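In structure tokens, the next block holds one chain alone, the form predicted alone.
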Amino acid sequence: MRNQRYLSVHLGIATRSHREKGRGRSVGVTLAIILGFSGLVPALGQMTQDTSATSDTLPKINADGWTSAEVCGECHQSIFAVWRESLHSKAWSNPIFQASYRRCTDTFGKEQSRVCLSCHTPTIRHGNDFDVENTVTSEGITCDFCHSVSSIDLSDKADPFRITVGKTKYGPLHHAQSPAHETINSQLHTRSEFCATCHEYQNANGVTIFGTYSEWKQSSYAKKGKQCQDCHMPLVPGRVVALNVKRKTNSSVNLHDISGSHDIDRVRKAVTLDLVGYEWLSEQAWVYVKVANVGSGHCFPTGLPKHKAVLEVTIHNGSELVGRREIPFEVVMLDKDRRLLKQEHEILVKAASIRSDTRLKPDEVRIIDISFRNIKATRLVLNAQLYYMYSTEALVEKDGQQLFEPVEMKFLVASRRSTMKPLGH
């Protein structure tokens, strides 16, 4: 149930929970996604009458400013349906972000917290709507922002985006045409550098708070040319535009769910867990566990330092717990006085050094040696369980008041079990 609570708050959408082979699993299911990518897309396109486009019937693209995603969705129906349920669309409204943003503003002031808005509601980069008064600003990482980026300059830490706001839209399709706006092919939208603008952040102290892009750049994935979009925006069956807009439409489209750590199945595919072996002599035992980052082109976990994984190894004598060890995979950050930072808004602003980083690098295989002492038994059962964890808070409204509510996420990624016997038996 904690998984379900976390995902409901984190994604801002309703979820349904079911059990699969004894492990908890929460899945967000929407009719929009089914219609957009399950082979029923033609029906979605036919929901609108097939008429010739005229200047009166075309979507109203804002020539002088940002265009709402609702307008984009008039033609790009299946893409919009999936994006609307994504975490990107809720980058501003997400209660977890709202809590951290409010804490940052209250603690460090508006000027300091505005750095958060530059990625969570990036349309402020043109128009300076820092109070989020306009609807398009509250749409988070909205369609028009990404498709108005003409180039980027990663050496410009303050503002790496080069934006052309108006009726020209940039995207990865070759020879694309639209009666509603100008289109320009942009291969930048297929490269990891596009994602780096928000998924790489150093604070004023020069500390890399999250470095997903640099982690990828140093990996074998980058050397092989495998981009962020290949995993997080894969091509799936679907239409770029509705049937009434264009008869001959694309049979595939990039998935705009852009899922990451909030996708439990994706996390479970990232790492493997195996029991390599054990030794048990007299009253001492040694257990050897192998964990490997096999499915992510960045560290596991990546992103904000509050995300971590924990390997829990236990041994039981019957029903009695006789040994327990925990091994974390995490980044631990300190302020300038070497004090441990525990809250996200403090980490973002005050982190001055990294005390430790025990995360798994891309392709890393790690053998972990765990010892137990004072074991008094003749037969033991060994359990190794790897959990993904996130402890934070959400800003929620109750009885007309806004309150900070703790949010705990802990879900099982992988587990192994074995019976142990002493050497010589």
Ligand code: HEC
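Numbers follow the displayed sequence, beginning with 1. Nothing here was measured: the structure is a model prediction, and the numbers come from that model.
There is another form of this protein, the form predicted together with ligand HEC, and it is not shown here; the text below is about that form.
Engineer: Out of T183, T272, T314, N317, which one falls within 4.5 Å of ligand HEC in the predicted complex, going by heavy atoms?
Structural biologist: Comparing distances to ligand HEC in the predicted complex, the residue within 4.5 Å is T183.
Engineer: Pick from K290, R325, H126, H232: which residue has any heavy atom within 4.5 angstroms of ligand HEC in the predicted complex?
Structural biologist: None of the others qualify; the residue that does is H232.
Engineer: Among the candidate stretches 334-342, 317-325, 278-286, 303-311, which one is within 4.5 Å of ligand HEC in the predicted complex when only heavy atoms are counted?
Structural biologist: Among the candidates, contact is made by 303-311.
Engineer: Would Y388 sit within 4.5 Å of ligand HEC in the predicted complex, counting heavy atoms only?
Structural biologist: The answer is yes: Y388 has a heavy atom within 4.5 Å of ligand HEC.
Engineer: Do N94 and ligand HEC share at least one heavy atom pair within 4.5 Å in the predicted complex?
Structural biologist: Heavy-atom contact with ligand HEC at 4.5 Å: present for N94.
Engineer: Is there a non-hydrogen atom of I368 within 4.5 angstroms of a non-hydrogen atom of ligand HEC in the predicted complex?
Structural biologist: Residue-level check for I368: no, no contact with ligand HEC.
Engineer: Using heavy atoms and a 4.5 Å limit, would one call V381 a contact residue for ligand HEC in the predicted complex?
Structural biologist: No - in the predicted complex, heavy atoms of V381 and ligand HEC never come within 4.5 Å of each other.
Engineer: Note that ligand HEC is not shown here; using its position in the predicted complex, name the residues of 81-103 with a heavy atom within 4.5 Å of it, in sequence order.
Structural biologist: If the 4.5 Å heavy-atom criterion is applied to ligand HEC in the predicted complex, 81-103 yields W83, L87, H88, K90, A91, N94, I96, F97, S100, Y101.
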